Each structure stands twice: as C-alpha cells, then as structure tokens.
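Quick setup: the structure tokens below cover two forms of a single protein chain, split into structure 1 and structure 2.
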Structure 1
C-alpha cells in the first residue's frame, strides 16, 4: 500500500500526496476509485484527500464520475503520456502527416486517442479558417460517442465494450443537441457500413467533420484521424474524398 512521505516542505509534501493519489487512481482500472478507498489506501484524512482530488480534477489530471462517486485518470494524463513517448509514439508518427494534410487542404486536422470513456485530442493543425471544434484544443476531451473523432474509435470496439461505454456516458450525451444512446448506436452502425464517421452540422451548426479509425493494435481502433471544416465548403462527395485522403495517410504510416 502506498504511504505518504514525510517532508519538511509543505509544497513538497503536497506534491507527494498528489502523486500517491494519482498512482492509486491509475491502478484502479476503468471503473475508477472511490474517495473512501483513496482515503483508506493513501493514509490521508478525508478532507485533505478530497481537497487534493478536487485540485487534480480542476487541472484535468483526474476525472470525476459523479454518478459512481469515483475518480479515474483525466484527459491531461493522456497528453503527458503521449508526449513522454514522443520518440516512437503516435504523436511522432503522425506529426509530418498532420502538417502535410493541413497544407494540402487548408482545413483543421486532428489526431484523437481513446482514454477510458473519453476521446482526447493529442495533436492538431488549425486550418486557414479557424473553426470551433468539440475538444477545443490539444488536451481537450469529449465523451466517446460525441463527434466523428470518437465515433470512429467507438464503432470498432467489441459490442459489449461499446454498450458499456454508451451506458456510462449516457448522461453526458444529454449536453449535446439531439444526442442520446440510441443515436450513438445508429452512428456506430452507419460508420461501420461506411468505413468512416461523419457529422454535418448536427453537433455544431455549420461545422462538418469526418474521421477515420486508426487500428494501433490491428483489431481495435484506439485512435482516429479527422478533419473539421465549414459545411459551406462541402460539395457532393467531398467527405468521401477527405476520408480516402485520411486512409491513405494512415496506410502509409502503418506500412512504414
């Protein structure tokens, strides 16, 4: 069981305690860890533990599931992990591709990755026309099932895992226009039939998106590559052409 280190410095002691809690949550799995368990296993009193957890949630190092009253790793941890692995990691692999596609199209291009029940923006290149996106910027996250970047990943998970995630995120979908578990299931079905995920102004009026899954382990999609652009720029068949471009880039990187 981790124990809080004693330190003569208040700042260092606070950091020690935060690291202990991060380690406990990281070892807790996808279902998260409750405040009660974190208090018992860290050796901290409830008030101190709760205060540190709130700070970590505020910085997106942890995420809180209010329904289950539990904590899990937050979106920023995925960013830190990816940057730590920048050498052989996915960010390094797609760095040149993002720049190349952005120069070719002039549109916003983004690399997404799955973290538990979330879709996190690992990297992006902004287009000539700045458009609003669901994640906002690098490090931003949305629930899996929200937007083409996350649907492209969710669609290629096992059905049981899909259902588990959809149920877990059901309340979060209500924050978006006309989005609910049944709609997410329909988007999954159409994405698997089409081979890529799209959105044409349904989540953000006037903004379209198209994303293609990245199969990092050969079977499940744990990442996606996609565009965000103005609906006004679309022409018949353009989303399909964008998807083909993305698939070609992914194929070149996978074969290299």
Structure 2
C-alpha cells in the first residue's frame, strides 16, 4: 500500500514517484528494501524504478547495500533531518516547551504530526520511569486513529477527510485490541466534546495518555502535544490538569 498520494501530479510526476519510493524505503525494516519489493509496492515499471533509485543513491538520499541488494535511507537524509530538527520549524518551536514540561512533570512527552494517514513522532522527552509508547521513538508512526496523540489530530479535520482516513486505515486498526472504525468515530466525538484526547489503558494495559491538538490554520489540527504515563499515577481530575498545562504551552508558542 503506497503511503503517498499518487495522482495529483502538478507537473512533477518524477518527483511524486521518487517520494513514493523514498516512503517505501523509509517504512522498510532493518534489512532494507529490495528492488522487487519497491516495484511491487509502488506499481512502477522495473526500469523506471531502477533509474529513479539510481539517481537517489547518486545523491545519497538513499544508499544501496551491494551485498544484500537492498536500499536504505542515505547519509544526505540523515543530514537534512538533523538540519530540519535544528532549523526553523515546529520542532525548534516546541523544543524548549518539551524540556520545560518534562522538568515540571517528570513524565514522557511527545510532539506528533500528521503525515498522510499516519501520526508520526517528531520529538519527545522520556519520563523518569520508562513507559512503552505506541510510536516507540522519534520517527516512529502509527495509523491515524490509534492512540490519543493521533486522535487529537484526527478529531480536528474536515469530516470527509476523517472518514476517508478511517476507511483507509480500517485494516490497520485490527491489530489493536477492541479498535475498529466505529470505535475511532466515537473517540473523535468524545474528543471534540472534551477538547482533548485521552486513553486509559485501552491500547496498552496500565498505560494512559492525554493529547491536545495543535492548530495551524484556525480549525484544522496538524500536530498534537501529549503525555504518556502510568495509569497508577492518575488521580481524579489529573488528566484534565495535564491537558490544561499542554494547552497553555501551545497557546504561548502560537502567539509568538
């Protein structure tokens, strides 16, 4: 399943195709991705695929493992990534806030962002006690609809967009206990009422989460800021307090 919209080529077909391949490689496992996989999953002609891959390798956006005959992300990607994180952008904007919140609460914080049908972790601070999270680490992704960090974003999109994403992700929900499209729709509804998303032990036993949407253009959310913590740490009303703290931080950053 190609993670990137194929059509809508505004006069740059080759670039669209390159991104499809980059995405497939980026989502590939630790063994890299082989040409065969890439042609199969991208739907591109073998020769075309190969030519694009060669160019990407030439620019070091990808790297080829000659022994395993597989492709992986290249050095230039790592460099660009480091600069993207350090340069202007959402990561830098929230850097100080993450550190501050971490110091204040001692819990695990993460900054999530939407990418196609996924919710991806852009940055995080690990809490005092290690808690398992859905995305694992920076760069990790889950299907939009899974976990409060992603629901907080999904809840604040256009309704048709929500529906489209939920349908597209339906099969992926199956690997989580008690999760399905209807459940996601209910979570969206309760999130909109509440103003933030929560989960108390439903996805990972004993682990709770609170997430607040970050709005970029008024009504639509493109990112979220959230906690992951132990259910044992919860007291009545504490989730709400957490949400308030997050909202304050977001408000401060949005103003500047």
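Heads up, when I say rigid core I mean the largest set of C-alphas that superpose within 1.5 Å between the two forms. A quick note: this is a predicted structure, and the numbers were derived from the prediction, not measured. Residue numbers count along the first chain shown, from 1.
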query: Pair member that is the form predicted in complex with the DNA; finding: 2
query: C-alpha of residue 74 moved at least 2 Å between structures 1 and 2 on rigid core; finding: yes
query: Threshold 2 Å Cα movement between structures 1 and 2 for residue 42, core superposed; finding: yes
query: Core-aligned C-alpha movement of residue 206 between structures 1 and 2 reaching 2 Å; finding: no
query: Per-residue CA shift, residue 18 (Å; core superposed between structures 1 and 2); finding: 6.8
